[in-house]
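Listed next as structure tokens is one chain, alone, in the form predicted on its own.
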């Protein structure tokens, strides 16, 4: 029987999850079958069930893993009393940029395919996303109160930042001789300049 290839320090389930993320991004969750997934890791479809219960389980794993990374990073920033609001926004922005650069498949699946999560997970995921956006708004509101951020609508500011980062999908397609580091520094410089008072 064929063995599922593993990266060093990775589990078979992790290999399957990463393959699923790539397929869900390329074909969409609904159009991806277990045979597609089995073929991408070089095993029979029946062998996958030794490691996972369903493709819904894989979608759940992908979406909540990414969401939890964002939340953990924000928790850390909020507890750092030494950082001002602009520092926190910059740190969030850099984190988002790096995730989009390094984990495009997983982030795009989380962004585009999370609507296929089964209940009660879909409601939990959407609520977590709303809370995350609200927490970012609060950081910007704090910056406005302290005179660090110009007077803008906080929700629109968050939407603008997140929409700009989503544009990294097009960088992946073209690269245009811009390194990941150049991309990050340029985006941070331009976006933070737009927030400063």
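In this text the structure is predicted, and so the values were computed from the model without any measurement. Positions refer to the first chain, counted from 1.
There is another form of the same protein, the form predicted together with a further copy of the same chain; it is not shown, and what comes next is about it.
Legend entry - Contact assignment for a further copy of the same chain in the predicted complex, among 135, 146, 129, 65, heavy atom within 4.5 Å: Going through each option in turn, the one that passes is 129.
Inset, instruction - With heavy atoms only and a cut-off of 4.5 Å, decide whether residue 98 touches a further copy of the same chain in the predicted complex. - result: Residue 98: no contact with a further copy of the same chain in the predicted complex.
Legend entry - 4.5 angstroms heavy atom contact with a further copy of the same chain in the predicted complex for residue 28: Looking in the predicted complex, residue contacts with a further copy of the same chain include residue 28, since a heavy atom lies within 4.5 Å.
Legend entry - Partner proximity in the predicted complex: residue 187 to a further copy of the same chain, non-hydrogen atom cutoff 4.5 Å: Yes, contact at 4.5 Å.
Legend entry - Exercise: residue 16 in contact with a further copy of the same chain in the predicted complex, heavy atom 4.5 Å: Result no; residue 16 lies far from a further copy of the same chain in the predicted complex.
Inset, instruction - Please state whether every one of the three residues 94, 102 and 197 places a non-hydrogen atom within 4.5 angstroms of a further copy of the same chain in the predicted complex. - result: So, no: the whole triplet misses a further copy of the same chain.
Legend entry - Stretch 143-166: residues contacting a further copy of the same chain in the predicted complex, 4.5 Å heavy atom cut-off: The stretch touches the partner through 150, 152, 153, 155, 156, 157, 159, 160, 163, 164, 166.
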